[in-house]
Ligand code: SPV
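As a starting point, one isolated chain is supplied in structure tokens, in the form predicted on its own.
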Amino acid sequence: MNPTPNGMPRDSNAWRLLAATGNDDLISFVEGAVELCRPDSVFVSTGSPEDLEYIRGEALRKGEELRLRTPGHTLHFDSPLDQARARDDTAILVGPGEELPFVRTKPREDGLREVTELLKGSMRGRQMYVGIYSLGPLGSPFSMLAVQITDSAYVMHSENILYRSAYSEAVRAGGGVRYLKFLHSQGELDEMGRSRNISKRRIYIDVEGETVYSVNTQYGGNSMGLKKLALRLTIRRAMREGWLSEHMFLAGVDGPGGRVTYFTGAFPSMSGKTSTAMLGRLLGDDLAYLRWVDGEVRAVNPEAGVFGIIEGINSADDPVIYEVLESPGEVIFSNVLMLSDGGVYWNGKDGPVPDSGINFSGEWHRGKVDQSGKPVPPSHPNARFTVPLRSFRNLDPKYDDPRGVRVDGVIFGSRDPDTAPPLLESFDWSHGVVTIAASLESERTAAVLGKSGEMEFNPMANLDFLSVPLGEYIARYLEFGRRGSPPRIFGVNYFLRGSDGRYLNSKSDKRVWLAWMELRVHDEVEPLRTPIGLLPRYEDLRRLFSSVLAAEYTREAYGEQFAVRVSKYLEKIGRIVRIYSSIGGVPREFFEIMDAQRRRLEALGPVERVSPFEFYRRGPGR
């Protein structure tokens, strides 16, 4: 490798590879990063098998990953203080007078000055890795090129799994491409090779420059630029260009006669998103780009891998994922328990809890407590796995199709203990956007720093990632559905509880909900019209429970699960209207739809709830 005390020597291999792209903006960005971070050397990956293997080897040689017993499996540990998205350290950089409600912002010039100072000289004594990727299938009209710069072989190894290497595409595209740009440094490391200065962790998104800077962090959600950090940039592009960049899975659901119907779905973290995607023909578990193409909505997954939460995955509830995690092949585990024989254990895995091992807290044993006396679990609640999509046996053959797939249904899920029914269809696109998607509330989980269990307002499961004002986001969503015949919108809730606190549905019930939604988009089952939207009828669910799960479904279960919780919904409408009334730019249509829903519910009388069977006899109005 060539030393780079003052930049990249023009005779270095790294320079030659970058120059071959003919893209002055790309070259300038990398050169600027070299000048700022002062690495000892620069490695530009072409995505060749040799380059990919080099990065894998670097992660092991540097101790950023540990080799496990199963061939291809490795383990990474983050600092105990750096194991989730850090909201308080993440900000979108905005210009004078620009406001983004509910999102942490910082004046652009101040943020750039601060993060530049933190990155200065941060890569001395290290190698800088440069990777060029495609967000989406290569050569697709949906796709965008991006460049990731990092001093972490673990981060680049993860990016190589999660995204399509696109160096050759960059050379072909030449100088006309506008790159999304990402610069990351782990910063100073402690004796265990983990980021030391967590108090100086910064993740700043410069939407004007379409560049993300992150420093003093290793956790994937804060350091892997093309993941949720890129989502902030692509949402802004999408809003300006008339398409949707969403926090959604993309999967095909099998219907009668060999039919496959494609759905996208947005769920807050740990609300059943990945497990739902895995029930169908998988195209992606986390992100989707949606565009109108020839009169229909089509979608692609910008990713080529899965960075998923591992908590609770077991062979009974998640057989496809479990099979991947237990089989030879490329898998990076993070913050799980490493056993003495090189195996791993995570919370909820098959088998008994081990007696001891090594985890994010160091040496671990059953009964270990932290400094405050709180039990230390075997694995962190936000422990993760990173694997290529091609590892899954249910991968849809169209996952890499540049044309994408036609989307017939959009699902919004929530972790809601007391209000939303397990399954609901909106009256139309606008009603679904307003009363389901934009009104989504969900219990906070371990994927975000903060107190778990609190209910959070999280429209489209995307609030953390918005880079445009929420009012504008809602307005553009409504406009998107007016261009033709849009997909149906559904709401699901796998976490409804009864009066005794127990969940009213089993994990397997979502198979039935998917089957019903697949039939609905083809108008093969009739719904039950209620004030909050369209519910499945008991007789259809009874038939589907029998055919899909070989299980009996009782009238009592249906009556409890699908009761319209009138008082809870009216409370929710009040909360949501107050929130949107406090911000600007929300279209009048939003409030009109919410008011109509309120009036329909009030027409039922001063009741706490109404049985779904009541709506077999009386019409709810519209």
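Note that the coordinates shown come from a computational prediction; the quantities given were computed from them, not determined experimentally. The first residue of the sequence shown is number 1, and the count goes up from there.
This next part talks about the form predicted in complex with the ligand, which is not shown.
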* Asked: If you check in the model of the complex, is residue 307 within 4.5 Å of the ligand, heavy atoms only?
  -> yes
* Residue contact check: residue 219 to the ligand in the model of the complex, 4.5 Å heavy atom -> yes
* Quick one: does residue 384 come within 4.5 Å of the ligand in the model of the complex, counting heavy atoms only? -> yes
* At the 4.5 Å heavy atom threshold, is residue 269 in contact with the ligand in the model of the complex? -> yes
* Contact test, all of 415, 443 and 572, partner the ligand in the model of the complex, heavy atom 4.5 Å -> no
* To do: Would you kindly say which of 431, 108, 228, 298 lies with a heavy atom within 4.5 Å of the ligand in the model of the complex?
  => 228
* To do: Answer with one of 237, 85, 202, 281: the residue that has a non-hydrogen atom within 4.5 Å of the ligand in the model of the complex.
  => 85
* Heavy atoms within 4.5 Å of the ligand in the model of the complex: which of the stretches 257-265, 475-483, 219-227, 113-121 has them? -> 219-227
